[in-house]
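Take a look at this one chain, the form predicted on its own, written out in structure tokens.
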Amino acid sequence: MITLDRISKTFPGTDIPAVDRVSFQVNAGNICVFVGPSGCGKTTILRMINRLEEPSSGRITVNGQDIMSLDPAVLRRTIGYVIQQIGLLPHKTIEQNVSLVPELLNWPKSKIKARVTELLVLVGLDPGTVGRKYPHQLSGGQSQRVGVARAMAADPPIMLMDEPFGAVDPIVRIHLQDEFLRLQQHLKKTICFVTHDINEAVKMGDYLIILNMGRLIQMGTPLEVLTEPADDFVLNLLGDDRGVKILDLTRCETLMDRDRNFPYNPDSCLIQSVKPVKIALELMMKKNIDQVGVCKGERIVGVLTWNSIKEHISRVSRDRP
């Protein structure tokens, strides 16, 4: 667990704080996404968590321990750090890059080799093909994967990720997001993730921290933020399609009609109740139908119609704080 208590940061030469009395908590095993425009304080907060920057005031604790009481080098070895520029050492091979922190921790060579192989496989890279290459020989997407593998090398419970997928093209970025979310289902790391892309924030975050000009404007789950934006700044950040974004986060059972009978036959289109409404909508468009049956296991529990989805999008889109 990470807790920030009234953290502020003012850089020398300015009276305007880069971060102004920000407080929040990141629960263990969650992805907490910091989102907002450039210069809002996202990266500064991230860098204060691992003491690359020192707070001007306030207190940061990790699992109840004040980080200012810890040796910075020791603290950083227990926190994985991934940045947009990746930061791979160009004169070292991929194997050597991934093994940096385990070597600093004096792991046995056999354990390091096994861990490097395990991680490269985990992020979808062939150790035999990629391991002895140098960073300049990799694509952008491969380099990003290596950056994630290196951050996880010593199996840190906490990971800090600063625009980790921002340097690759949109198709690769979506694939990397999906792969990382798949990994997180098994790894359950505590992650602070920085992005300026609200779509990425909604997709990746268990919890959102929205910042502007160094101040915390709103925090909550993606669905809470999408359905109840705090002010016009948040509303504009979410964009005109926030009703559509909600379809990614709303379960089919939320919008289904429980009182209607669904005419079942072997060709009926069915969807599980916990699936996002967006999947149901895509199924309707693909099959050119206007309703699907909603199931829990093998039991049909309701009907989801195109009209109910349309009304939901319309209602959310016109609602303003």
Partner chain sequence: MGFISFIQNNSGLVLEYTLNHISLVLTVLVLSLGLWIITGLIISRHDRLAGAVISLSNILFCIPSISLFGLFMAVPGLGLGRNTAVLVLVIYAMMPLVRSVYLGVKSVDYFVMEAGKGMGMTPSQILFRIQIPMAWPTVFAGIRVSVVLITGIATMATFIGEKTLGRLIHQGITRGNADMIIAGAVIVSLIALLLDYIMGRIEKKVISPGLRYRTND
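These numbers come from a predicted model, not from an experiment. Positions refer to the first chain, counted from 1.
The same protein has a further form, the form predicted together with its partner chain, not shown here; the description that follows concerns it.
In the predicted complex, every residue of the candidate spot (L52, A73 and V101) has a heavy atom lying within 4.5 Å of its partner chain. The closest heavy atom approach of G239 to its partner chain in the predicted complex falls outside 4.5 Å.
The shortest heavy atom separation between H91 and its partner chain in the predicted complex is within 4.5 Å. Residue contact check for Y134: one or more of its heavy atoms lie within 4.5 Å of its partner chain in the predicted complex. Not displayed here, its partner chain is approached by R77 to within 4.5 Å at the level of heavy atoms in the predicted complex. The contact residue chosen from V123, L216, I83, V130 relative to its partner chain in the predicted complex is I83, the criterion being a non-hydrogen atom within 4.5 angstroms. Out of the listed residues G166, G87, G140, P157, G87 is the one that sits within 4.5 Å of its partner chain in the predicted complex by at least one heavy atom. The stretch from 272-280, 285-293, 43-51, 26-34 that comes within 4.5 Å of its partner chain in the predicted complex, counting heavy atoms only, is 43-51.
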